[in-house]
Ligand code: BES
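What follows is one chain in structure tokens, specifically the form predicted on its own.
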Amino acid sequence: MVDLFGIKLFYDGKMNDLHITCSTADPSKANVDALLVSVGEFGRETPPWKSLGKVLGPLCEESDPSRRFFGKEGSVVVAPSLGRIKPRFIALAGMGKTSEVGVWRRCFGAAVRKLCKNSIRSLGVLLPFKHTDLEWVVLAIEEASYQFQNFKSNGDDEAELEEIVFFAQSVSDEAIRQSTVLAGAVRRARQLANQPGNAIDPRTFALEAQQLARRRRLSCVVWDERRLKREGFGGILAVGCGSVHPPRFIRLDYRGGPARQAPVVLVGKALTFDSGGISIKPSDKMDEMKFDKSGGVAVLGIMDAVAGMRLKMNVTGLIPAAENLPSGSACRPGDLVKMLSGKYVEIMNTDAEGRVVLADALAYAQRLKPRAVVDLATLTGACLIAFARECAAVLGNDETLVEQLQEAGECTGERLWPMPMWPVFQEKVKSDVGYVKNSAGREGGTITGACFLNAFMDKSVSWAHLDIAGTAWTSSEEPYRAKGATAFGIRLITHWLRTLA
């Protein structure tokens, strides 16, 4: 295990998954710190255990000005049980009129966040809806209970949720296992994404990938700067040449399908810190550029989940990792960079670096004769302007693939919205002195960023690009999750892969 001034790496098995069990016993007598009861609007679903009535009745009366808890979407009440039942606290989460995953995420999350402020370590949950998907409830609880506490002083950190007991009928052991695996992958990814730039650089990011490979028995190969130069990864080298921390290129392979089955290839941008290079960013919120590795972190999380779930398919993860800093050796505006594909890119703006490292990774991905290629990247601020933090953009050369990913987004609450790559946009990235230029200006930035990547894709290879710039992290605490990394894309892509397996 690697330990950097007290920071544990997160794929060494030391970060435990949530312990999840199911029970048909009386929840009022359960040995848990708190009990969470979800209530549909107007009480359309009620708990089957009469023993809860002595607590729920008074709690509902005291919680609402009209003396009644209506169960409206997002309404939350948390109160001590005062010894009436064994759990110390009880919470009501208003679910409204639907069991849609986005509602679970917000409503369960808001209740769990309030409960966690009371230092609970174990939580009992009543599932009210007959067709509730256990996995999405677990993910909602994981999202809400997670806290980034690595650097807090001793005694300042809050207790973390360790155990969930679901009071429900006929939940399979396999459903519990799959939910545990996915929630653990998301939690570890959030931990990694939240790490600062002086803890995670390209080299330590590669160590994380190697730790994951050992933990999940994946194949892992890492290109250092010497091999990158020898094999012609000019884009990755150009972006990383201004830093004292040289870049890395990481390949992870999971082989759960037949040996000759074409792999699905996932590519994740991992800029461990992005200052903008010589085209330096404004200082305001530059600290958040530690999250520019979120695409690469998502790929690690997906590989973690895929291997843990033992999907019967082949998946390869590719992660170009670099640190973009200004220095005497940094890439300059106006430079021409020879890429892995052999084509030259004109650097117009060194802060448009993500697409440059991705272009090398996509060129390599096509050598693997993939079933499909999907990349995830915090690519453009324009995406945040277009969609705020409500969804990510999806663009690609295969409408069927884009539709599949969009559907998976609706199923998981990680929504995508398609944008066009019309020829007029592709013309904007053409260079006067090279093959393409890495920036076409502010207008249509999300689209022209994708058009740059498309210039390196063979039309015969099914490809989609996810711009997750607005969804990879939050800048402030929300009712259902903490400030910081969200691990966006892990739930979405894992769900999509399971539909293909």
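Predicted model only: the values in this text are computed from it and were never measured. Position 1 is the first residue in the sequence shown; the rest follow in order.
The same protein also exists as the form predicted in complex with the ligand; that form is not shown, yet it is the one meant from here on.
Residues placing heavy atoms within 4.5 Å of the ligand in the predicted bound form fall in a single listed stretch, namely 353 to 361, out of 242 to 250, 171 to 179, 353 to 361, 409 to 417. At the 4.5 Å threshold, heavy atoms of E208 stay clear of the ligand in the predicted bound form, well away from it. The shortest heavy atom separation between A321 and the ligand in the predicted bound form exceeds 4.5 Å. The closest heavy atom approach of V101 to the ligand in the predicted bound form falls outside 4.5 Å. At a distance threshold of 4.5 angstroms between non-hydrogen atoms, A469 is in contact with the ligand in the predicted bound form. Candidate site formed by G257, R260 and T316: none of these residues places a non-hydrogen atom within 4.5 angstroms of the ligand in the predicted bound form. For the options N349, Q426, S81, Q366, the residue carrying a heavy atom within 4.5 angstroms of the ligand in the predicted bound form is N349. In terms of contact with the ligand in the predicted bound form, the residue from L311, V222, I278, M289 that brings a heavy atom within 4.5 Å is M289. Taking the ligand as positioned in the predicted bound form, the residues of 250 to 287 that bring a heavy atom within 4.5 Å of it are, in sequence order, K269, D274, K281.
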